[in-house]
Every structure is written in C-alpha cells, then in structure tokens.
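Next up is one chain by itself, shown in structure tokens, the form predicted on its own.
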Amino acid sequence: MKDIMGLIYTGENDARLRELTVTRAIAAMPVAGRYRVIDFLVSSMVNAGMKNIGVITQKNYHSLMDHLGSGKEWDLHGKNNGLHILPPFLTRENVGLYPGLLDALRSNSNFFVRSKQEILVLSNSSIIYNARLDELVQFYQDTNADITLLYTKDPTMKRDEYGTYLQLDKSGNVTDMEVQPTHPGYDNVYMQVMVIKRELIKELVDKAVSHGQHSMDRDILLRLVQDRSAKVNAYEYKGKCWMIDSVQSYFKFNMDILDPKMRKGLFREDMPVFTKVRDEMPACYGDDATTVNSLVADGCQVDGTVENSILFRGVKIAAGAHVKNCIIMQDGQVHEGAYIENCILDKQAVIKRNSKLIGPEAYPIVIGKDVVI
C-alpha cells in the first residue's frame, strides 16, 4: 500500500444540518461520544496502510484543523508524506468557495505534483463507514480498471433528489448511472469513494474544468460510463454505513450506536478508529445517579438520570435532572430539575433549572453552541 495516497474532500453542502454546521464542516461533526466524522475516514485509510493523506477544506474548517492537528493520533506526523490539510487557495478568481469537487481538485493540483504515489483513493466526508480500503484497491488492481467505485446496497442510504446510483452488469462493471434522480431507480448507492490513477484524475479534472464543468459524478463519471471511454467498475461494501446529511440522519446515527451490535460492527478490533486524545478524569457518578443504555465519555459528571443518550466529554447532569434520547456535546450542562427529551445540545449549551424541552423523535430539537435555555 506504499503506492497509494488518500484524499478527503470536506466541502459538501451542509444546509440541512442547520445550527450544527454553522461553525464547523460536516467532517468535524462530533459523533459517538468522543469522535468526529472524519476520524472514520482517516482511520480507514491508515488501516489500509496509506501514509500520505490530504484533506481538502472549504469553509468553517478551523474546528477540523484543530482536531486533526499534525496527524499524530493517526501516526501521520513523520518527515515524509503524512497528513496534509489543504485550505482554500484565495485569489481574485477563487474566493474560497469551490463550485464543485472538480474545482477543489484543480485548486489543489500541487498536492498531486508533490505526491509520489501512483494510485489515489478519493473520498467525500459525509458518509461514516469503516471499510477495508486495501481490499478495494486490490480489486481495482486485479480487474485492471481505470476507475473503481465503492457502493452499498443499504436501502437507508437512498435519498430522493440526492446521491448517485449505479447500474452494474454481472462482472461488476458500471453500465449506467443516475445522478440526483427524483426517485432512484437503481439499488446500488455510490458511496463517493473511488480509486483512480493519480495521472488520470489530473488529466480528467483539467479537461473538465477548462470546459466549465464542476461535478465529478455528472460531468466525468457519467460521461465515461455512457461513452464507454474508460473501464469503470464497482466494489460492494457490505458493512453498515450512514450518510450524515441532515439533523435527522445525524441523530439516527448516534442513536444506532447505542445498539451494541451496531457499535461492534463499526468499531472492529482489527480496524481501530483513532481520534484526538483529550486527557480527562474518568466519568463521575453521584449517589443518586441513574444511567441506562447510554454512552458517557470521560470527564462527565452525572448526578441525575440519563436514558438512551450520548454524553460527550465534560458534560454535567445535575441532581434531579432527566435526560432521555439526547445528544449532549462537549461541556454541556443540564441543571437541577430540568427535563429534556429528543434534543441535540451543541458544545457548551446550558439548560437552566426546571426547564422542560421535549422534541419529536422524528425531528429533534437542536440547541446551538453556547446557547442558554
């Protein structure tokens, strides 16, 4: 895998995540108590043996840069290769907002020039998975494909008017694609992960951008498939994956992780998920504390009742407070006598004494960062 490099694009549309992405990219979204979305992507690449990984940022990337740092937690801080954060290159023509993935790749062409690896694994950052990317690359090499796409048959990944869907023949070759269809007609959902030669992606991107094209799926992949000018095949990912594209999908992922089977499937012993370490005291539980089916991170202080919830580091639940089906991010507080259900509290959010917040399970209440209720 020394000849493989990884590249993660973090500029997806985040409008449907509302308050949760005002100050951060989707890749920096806190999940599962102590992780960020990007941890799963970088860890998959590192577990596959990649030592040269780039992260293309677009906007609201300070939280992401702070989390990734030098890449030490992923052992990507050596003298050669390592983790490269690629912020927007600002010019008169480029104001830092890429119209599409192709423009982002074109603006970061120097990363391709500096890199010595010949094969690129390109991923977006809005899908959580823990895949054997070394097997994906091996399939790409064994089949002599020009491009190999990663896909899933998971029906929960299908979205109306969103995503890309593949039609495959018996050999796994892509024969047709639907890009953002009103109602998807194919069951194979493209996970926005591809394997391609470094020189080929440079050539395709330069040609497309010079013709005013912006979309990788619609302007490059769809054309290659329809013209049959390149061999494009697909590799099935059979594990569980989640698309983080709305408040509801974010809430569902975290609630799914409370299921031990789901958690064991994602956090595999042979494929660890690494994250930034924050030294904290262990969680502290008061004499009257009650905790049921919840993930409680280190540094938490629980004196009340917590049910089916995820508490990030440093959260404080006061005596007499009741938290049910909630996600409370780092350093959040719920004071005495408060009751909250089906809520998402961003960092440092505070629920004052005797407050009551109950949201519908299908549409949880979101409390923004540093907000006091």
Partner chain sequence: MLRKKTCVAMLLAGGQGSRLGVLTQKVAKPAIPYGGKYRIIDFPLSNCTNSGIDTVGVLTQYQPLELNAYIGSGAPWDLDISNGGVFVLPPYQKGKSGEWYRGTANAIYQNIAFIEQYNPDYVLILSGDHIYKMDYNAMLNYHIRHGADATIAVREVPWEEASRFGIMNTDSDDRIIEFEEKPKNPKSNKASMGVYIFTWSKLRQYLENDEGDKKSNNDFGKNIIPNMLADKQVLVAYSFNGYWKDVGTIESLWEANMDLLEKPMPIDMHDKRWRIYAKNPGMAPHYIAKGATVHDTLITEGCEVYGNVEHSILFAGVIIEEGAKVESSVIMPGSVIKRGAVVQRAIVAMNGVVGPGAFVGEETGNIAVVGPGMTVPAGKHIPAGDQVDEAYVFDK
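Since the structure is predicted, the reported quantities are computational estimates derived from the model, not experimental observations. Residue numbers count along the first chain shown, from 1.
As for the form predicted in complex with the partner chain, it is not shown, yet the points below apply to it.
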property: F267, Y162, F112, F139 - the one with a heavy atom within 4.5 Å of the partner chain in the model of the complex; result: F267
property: The unique member of R278, R228, K153, H183 whose heavy atoms fall within 4.5 Å of the partner chain in the model of the complex; result: R278
property: Segment assignment from 51-59, 337-345, 32-40, 319-327: heavy atom within 4.5 Å of the partner chain in the model of the complex; result: 32-40
property: Contact of K72 with the partner chain in the model of the complex (heavy atom, 4.5 Å); result: yes
property: Contact test in the model of the complex: T175 vs the partner chain, heavy atoms, 4.5 Å; result: no
property: S294 within 4.5 Å of the partner chain in the model of the complex, heavy atoms; result: yes
property: Touches the partner chain in the model of the complex: K207 (any heavy atom, 4.5 Å); result: no
